[in-house]
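Just the one chain here, laid out as structure tokens, in the form predicted on its own.
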Amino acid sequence: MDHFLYKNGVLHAEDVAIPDIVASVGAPFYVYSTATLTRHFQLFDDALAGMDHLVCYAMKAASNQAILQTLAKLGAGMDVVSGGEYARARAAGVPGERIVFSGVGKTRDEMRLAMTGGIRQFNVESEPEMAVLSAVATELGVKAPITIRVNPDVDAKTHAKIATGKSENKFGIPISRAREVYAQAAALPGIDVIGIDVHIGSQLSQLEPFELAYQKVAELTETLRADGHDIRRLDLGGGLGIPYTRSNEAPPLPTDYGAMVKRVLGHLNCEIEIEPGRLIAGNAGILVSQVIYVKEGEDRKFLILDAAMNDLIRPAMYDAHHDIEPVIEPQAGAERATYDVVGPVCESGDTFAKGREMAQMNAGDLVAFRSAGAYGAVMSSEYNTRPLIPEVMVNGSKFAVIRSRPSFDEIINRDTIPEWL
């Protein structure tokens, strides 16, 4: 469910008409719904009620500080994967004890930043990282709290580029070597082993892969405790998918996920962490764009928009589907047409959809890309010297620009010309 609905024939974000934002901000832009963000976080938090738990939002999905503050005020922790994300979370007011640091390539500087600023735990991905983390912690006179990410070799049954839990993926240590690696960790002077971490991928549409992975984690917990390790926290990652098209079967609900977690892991009396990103932010945001031209090709029509692959790269990178709807609701029985929906970037890959049937459109019409809140704005770029598009947040009948569109001068003036020129 989201809060982007037609009212009196006009698409609204909560109680704000999309054309009113266009009149103020110009197209294209992203707009997020506070009510949707709140509802989706609460679904996860409620799903784990009765267990000691923390929902850590995976901020790589959408990391504007307004989004982070909205979730932090609800009690969310944050899952970060870089020093920049850590700094962004702290700037948004998230305390260090609610920040989990993930990622395969943490640097010494990032480790130092997190340990001096406060950290809940590091999710360690390899023995070399663990040794460096211990050395940095020892230099600082502290112990680094860690979970070790295990790779359970479970097929997440998702897109190959967002699967992370099989043996050929770069993430974690093989679960078969876990006892050996945990023994190494316990011997390091700067390390405090507190738990286990697992994350098998993104946009999962079934609970079975999660359950297979978590069963392996449950068995590993018992084994490691028998070896003398105080395993008191299980980080289960994220990955629950969202419906990108309204005609598709919906992925499992957070309530079903929570029930499975309690059934598989509840007997261990561990604190549970989960790290949803897409399911919280995905349907909480849309991309609004305007039609520049309708072009007649040899055997097809092209709907040329002012948004491009640099604004929303998911279709070009992942062959991802987004429903594309007119901002003004078509009348019943209105003419329909089939378009290749494209942007103005000089790449054939700048294509959002091929052969998409939709209401007939004209130059100047507005369209909305549904389910664009996750991995949209955060993956955008200034390719072709196209300015990053604004981000807008709506709360009831109010809206605010939470990232402004830079001018051409601001973009160009970041360049520094060498003295010999």
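Source: prediction; values computed, not measured. Sequential numbering from 1, following the sequence displayed.
Below, we refer to the form predicted together with a small molecule, which is not included among the displayed structures.
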TODO: Find out whether any non-hydrogen atom of Gly239 is located within 4.5 angstroms of the small molecule in the predicted complex, and reply yes or no.
DONE: yes
Open item on the list: Residue-level question: is Asp311 within 4.5 Å of the small molecule in the predicted complex, judged on heavy atoms?
Closed with: no
Open item on the list: Taking any heavy atom pair closer than or equal to 4.5 Å as contact, tell me whether Ala372 reaches the small molecule in the predicted complex.
Closed with: no
Task: Gln203: touches the small molecule in the predicted complex, heavy atom cutoff 4.5 angstroms - done: yes
- [ ] Check each of Glu85, Glu110, Asp350, Glu275 and return the one that places a heavy atom within 4.5 angstroms of the small molecule in the predicted complex.
- [x] Glu275
Task: Heavy atom contact within 4.5 Å of the small molecule in the predicted complex, the stretch among 57-65, 383-391, 31-39, 360-368 - done: 57-65
